[in-house]
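One chain comes next, on its own, written as structure tokens: the form predicted alone.
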């Protein structure tokens, strides 16, 4: 990839999935070790974009299996061999992966999704409803989320359907620990890391350094603070300066996403299935 992406002008015809991809990509840098989970087309596109532009030395573990994969494009699944077929190393997911993750030195950043996420970054992928044994909806399950949220990793959430159903005041079940009840609750339990940002189809959120409550960081073009707040099931914190507009993708980034990384538009599946 040439360096034209550095001076490329802002795109005028980007889509919301492409905006989410570029915002996520900006979170990863040379030397970071990052991993995506299952059904993670937008995070996979973000890793591939980061490596094609500002972070060629980003270490990527694809779906807990393939280290340093070299897919020509995003395949039809982010949890099958076509994604990591040309990796430099394979990890057996139920043994080797956890050996590396649990030693505290490797793979420090994870892109994760959740059916529910609350104001302190606690995640729920287990059940909707107050009775675990007779829920209104039984969700897919944690798939390792509980472990990843408890072993000092930095967590980057993505939510393509920002609504009061997905961003709630309190999750019905904690599948993955965020900042628990806020403040130093996580630290008191000896847990490092934690949620860093939430990238949705409306805005970008982070967490206040003291209270650990979710805070509005930027609002995507075409939306307002009031609209984002109305789509959130709790009161978002705001800085004194409000929330700036999210930086849009450049023309070069959009070309990379559409023509090289994901010409089949697999990333759009994430918007449809939520």
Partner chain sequence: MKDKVATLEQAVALVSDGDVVALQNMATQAAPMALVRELIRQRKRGIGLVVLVGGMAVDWLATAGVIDRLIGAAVTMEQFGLCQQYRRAVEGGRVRVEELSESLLNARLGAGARNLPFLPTRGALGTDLIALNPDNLQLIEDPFGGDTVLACRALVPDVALVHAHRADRYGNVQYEPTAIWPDIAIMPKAAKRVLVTVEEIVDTDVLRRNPDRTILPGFTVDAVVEVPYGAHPTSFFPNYGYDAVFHRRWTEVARDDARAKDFIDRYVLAPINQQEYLHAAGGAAALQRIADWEEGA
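Small disclaimer: the values here were computed from a predicted structure and weren't measured. Numbering follows the first chain given and starts at 1.
The protein also exists as the form predicted in complex with the partner chain; that form is not presented, and the subsequent description refers to it.
Residue contact check for residue 259: none of its heavy atoms lie within 4.5 Å of the partner chain in the model of the complex.
Heavy atoms of residue 227 never reach within 4.5 Å of the partner chain in the model of the complex, leaving it off the interface. The partner chain is not shown here, and in the model of the complex it never comes within 4.5 Å of any heavy atom of residue 187. Residue contact with the partner chain in the model of the complex: residue 75 places a heavy atom within 4.5 Å of it.
Checked against the partner chain in the model of the complex, the candidates 192, 135, 183, 164 yield a single residue with a heavy atom inside 4.5 Å, and that residue is 135. The candidate spot formed by 89, 99 and 102 is fully in contact with the partner chain in the model of the complex: every one of the three has a heavy atom within 4.5 Å. You can rule out all but one of 241-249, 215-223, 201-209, 61-69: in the model of the complex, only 61-69 has residues with a heavy atom within 4.5 Å of the partner chain.
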